[in-house]
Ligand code: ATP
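Below you'll find only one chain, the form predicted alone, shown as structure tokens.
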């Protein structure tokens, strides 16, 4: 009775083992000392494109491409005679070959088994095709990202050269003002005014150099350090670390893009290359377009709530300029508000004017700084630790002047700010 029970237990264990092998996700193949396939599970057969009966009894090297196919028998003989293991008990990445002749990467782990007086080898095969595809995709993304960084760096160099030329012009203006002072020495009041203007230009130059140096250096340092670290994360298990640095690079590139856009806009304004070209359109399409374009700048939990015109209303504006005005004001509201805060964009009609209110619950503007808010390169005292050029509101004001409108604001420290843009329903080109 005990012997029968023991045999039943062995039979049950054998059936369970066979069921595990048959349902395993990875391929399992056993061969003898001569390399002849004795068993193959369904997963292995599917992996190589065969039916099990097609390969049982054949040499396992039919599953290998050259030169591994011709070297395999030598591997087994060497191990049997010398005990020197190349794969057995180690595991490594090798190519496999399907029935149709195509090759694919696999992870092969081989173990040695002794059954009574027989030596067998069991191979566990894991398909690495998805892993290789993912690695190729990551490599391609990294190459594209490097190309984008190079492209933006070249644009940055172009803008810096233009700014250096502007700096030379400022130096020339300073020299001209010194000459004018010599001609106006009879008037102490005029001399004082000229000296104050010279001081203002000198301070402007210093602030520009300091600001440009800081604002360019920080994102470029972030990009360089992240690219350096990315090259170290080559394992698929390190994808989270790669994603973190890719996100940092994208953020730094966006910051550089914002700085470049501010400088390019200022340059075009200074050179008179931006003009007002009004065309007629329905005002209801304006704000949704701006909100859609700015979604990528929103912090976690931030949302823009829009109260627009319900009925069609045709206006004659330069749509590009007005969109730039609203985009700049909304981006400021986002930048100077915490995560989770609501931002409001409201439209209202007053006579022959349409007003836009941009309302945030952010850090607000100190009262002492409000008189200088639209001055070029000016940053409020409580905004020094937030990245920016101090050009945004100056550019907005000049755009509004171009379209014949006006801008006002109300602000309380730590409670928020409301900017109101007032535009005539129909503009004349200037």
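Just so it is clear, the model here is predicted, and its values are computed rather than measured. Residue numbers count along the first chain shown, from 1.
If you look for the form predicted together with adenosine-5'-triphosphate (ATP), you will not find it shown, but the lines that follow are about it.
Would you kindly say which of 28, 37, 400, 391 lies with a heavy atom within 4.5 Å of adenosine-5'-triphosphate (ATP) in the predicted complex? When adenosine-5'-triphosphate (ATP) is considered in the predicted complex, the option within 4.5 Å is 391.
May I ask you to choose, among 62, 45, 365, 56, the residue with a heavy atom within 4.5 Å of adenosine-5'-triphosphate (ATP) in the predicted complex? Exactly one listed residue reaches within 4.5 Å, namely 365.
Just one of 132-140, 355-363, 100-108, 173-181 has heavy atoms within 4.5 Å of adenosine-5'-triphosphate (ATP) in the predicted complex; which? Looking at the partner contacts, the answer comes out as 355-363.
Even though adenosine-5'-triphosphate (ATP) is not shown here, does residue 152 get within 4.5 Å of it in the predicted complex, heavy atoms only? Although adenosine-5'-triphosphate (ATP) is absent here, residue 152 would stay clear of it in the predicted complex, with no heavy atoms inside 4.5 Å.
Should residue 336 be classed as touching adenosine-5'-triphosphate (ATP) in the predicted complex when contacts are defined as heavy atoms within 4.5 Å? Yes - in the predicted complex, heavy atoms of residue 336 and adenosine-5'-triphosphate (ATP) come within 4.5 Å of each other.
Is residue 332 close enough to adenosine-5'-triphosphate (ATP) in the predicted complex to count, meaning some heavy atom within 4.5 Å? Yes, residue 332 sits close enough to adenosine-5'-triphosphate (ATP) in the predicted complex that at least one of its heavy atoms falls within 4.5 Å.
Closest heavy atom of residue 378 to adenosine-5'-triphosphate (ATP) in the predicted complex, within 4.5 Å or not? Contact check for residue 378: yes, within 4.5 Å of adenosine-5'-triphosphate (ATP) in the predicted complex.
Looking in the predicted complex, is adenosine-5'-triphosphate (ATP) within 4.5 Å of a heavy atom from each of 283, 291 and 324? No: none of 283, 291 and 324 comes within 4.5 Å of adenosine-5'-triphosphate (ATP) in the predicted complex.
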